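There is one chain below, alone, in structure tokens, taken in the form predicted on its own.
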């Protein structure tokens, strides 16, 4: 892994206001990944590939990351970034809308990282649980969404996203097979482990 390239990718994304994983969120996830040494990670929402590149350093020796992205410009940039960071042997990009791609996947994953369309989180959860290994863990980023999710926010523009994020939190909290904690790092991170 080329750390200098990784830093450049991060700076460019920040300058161009491309949403990438926040440092404190990454720090929390990195701690888990170091312990788990996952063989397979599924990422929903590649953007420019920054988080997948970061996660790739914690994989088991023969580990792989499958990541899904629908934005063609982002896919192009992610491919370039992944190559520059010298981790292209570890990361596979599925091109397309996660809503269509996920049902076609049948692999098993140790870790799932959800960071895509907020309004689709409950659907992503259902698909993730289907493919999660026995001791698997799901990270859902931006779960508190600028504080809207835990407030009485009801503006029309973000209503669907907020409602579906609340639905996600309810589902992971009430699912008897999951143990979930929600951390106020970054824009909120939900961590759900299979009991």
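Positions refer to the first chain, counted from 1. Given the structure is predicted, the values throughout are model-derived calculations rather than measurements.
This protein has a second form, the form predicted together with a small molecule, left out of what is shown; the following refers to that one.
- Of the candidate stretches 48-56, 125-133, 162-170, 31-39, only 48-56 contains residues with a heavy atom within 4.5 Å of the small molecule in the predicted complex.
- Proximity of residue 88 to the small molecule in the predicted complex: non-hydrogen atoms within 4.5 Å are absent; the residue sits far from the partner.
- Proximity of residue 77 to the small molecule in the predicted complex falls outside the 4.5 Å heavy atom cutoff.
- In the predicted complex, residue 115 approaches the small molecule with a heavy atom inside 4.5 Å.
- Put simply, residue 111 is far from the small molecule in the predicted complex: not one heavy atom of it is within 4.5 Å.
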